[in-house]
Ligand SMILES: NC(=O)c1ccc[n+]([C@@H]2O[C@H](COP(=O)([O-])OP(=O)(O)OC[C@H]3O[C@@H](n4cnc5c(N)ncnc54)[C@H](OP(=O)(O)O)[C@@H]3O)[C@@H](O)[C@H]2O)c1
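The chain below stands alone, shown as structure tokens; this is the form predicted on its own.
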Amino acid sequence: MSAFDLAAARQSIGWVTGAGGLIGHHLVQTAPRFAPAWNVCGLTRVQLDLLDFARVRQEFQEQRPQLIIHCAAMSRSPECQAKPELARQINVDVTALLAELAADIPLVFFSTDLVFDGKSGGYHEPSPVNPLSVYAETKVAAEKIVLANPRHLVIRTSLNAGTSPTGDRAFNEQMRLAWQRGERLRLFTDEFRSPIPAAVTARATWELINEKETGLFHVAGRERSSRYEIGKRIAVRRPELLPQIEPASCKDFQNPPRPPDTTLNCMKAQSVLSFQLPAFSEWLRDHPNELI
């Protein structure tokens, strides 16, 4: 056996579901740098249909992963509203299965700032949740399942930016596609989030795993930004698309109601991490060649 094979044999297998998505992709890509002890197996829907519970059980028994990072989800709110049963199957039932299989190993589950109703902003981990959409409801239900096991970790995050394998998962990619179609984007001036690059979310996740953290953590950017402000910052990077933006109000959006301010307080995670979670505007300034 070669030295490489010996090193690989000593590594523990880690599953990353949703590896074809934004955060999952970045977790797989950054693993060699931030998690060299793990032999990371990125799972896409083509490789393993998570709704095929028998197959998932079989693969788990055969591969015996020592870590599961669960990124796969039905994450677009309008689709969840239109197909609530499917949203529950994918976001809750699949999570419950993985939590069962991972009863004796670490499981990391990604949740969302949208579990809050947005009436105050600056939410801490213990802040009461009040989901306003089917998507958020499924995330709250899944959180409870995961947090029932003290070995497991839930990471709530916000809008993530970056490059995904399909080119349409990040909010900046969705804006680019709309501008390529010649669309004018109506972006809310009164809906606030905590945007963060997916690469930063991935690094923070690996550090929390390496530190063997469990329970609930918020991981997001440290800057409160409206959708309109975020859009203007992205538009500056794509002048060749002649990006069109106009201000709008989330009060005019009724189906379902939108939480106006779901910004997250991330001091708990910040106290563990070796680096400072960035303000999105500062990150864009310091990385001029990314998100283009």
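Treat the numbers as computed from the prediction; the structure is a model and nothing was measured. One-based numbering along the sequence shown.
From this point on, the text means the form predicted together with the named molecule, which you will not see here.
- For the options I90, V140, L185, L216, the residue carrying a heavy atom within 4.5 angstroms of the named molecule in the predicted complex is I90.
- Across the options 67-75, 118-126, 97-105, 144-152, residues that bring heavy atoms within 4.5 Å of the named molecule in the predicted complex belong to 67-75.
- Remark: all three candidate residues (L48, L51 and S158) come within 4.5 Å of the named molecule in the predicted complex, counting heavy atoms only.
- Within this chain, S111 lines the site of the named molecule in the predicted complex, having a heavy atom no more than 4.5 Å away.
- Shown alone here, A269 lies farther than 4.5 Å from the named molecule in the predicted complex, counting heavy atoms only.
- Not displayed here, the named molecule is approached by G20 to within 4.5 Å at the level of heavy atoms in the predicted complex.
- Although the partner is absent here, R169 sits close enough that one of its heavy atoms falls within 4.5 Å of the named molecule in the predicted complex.
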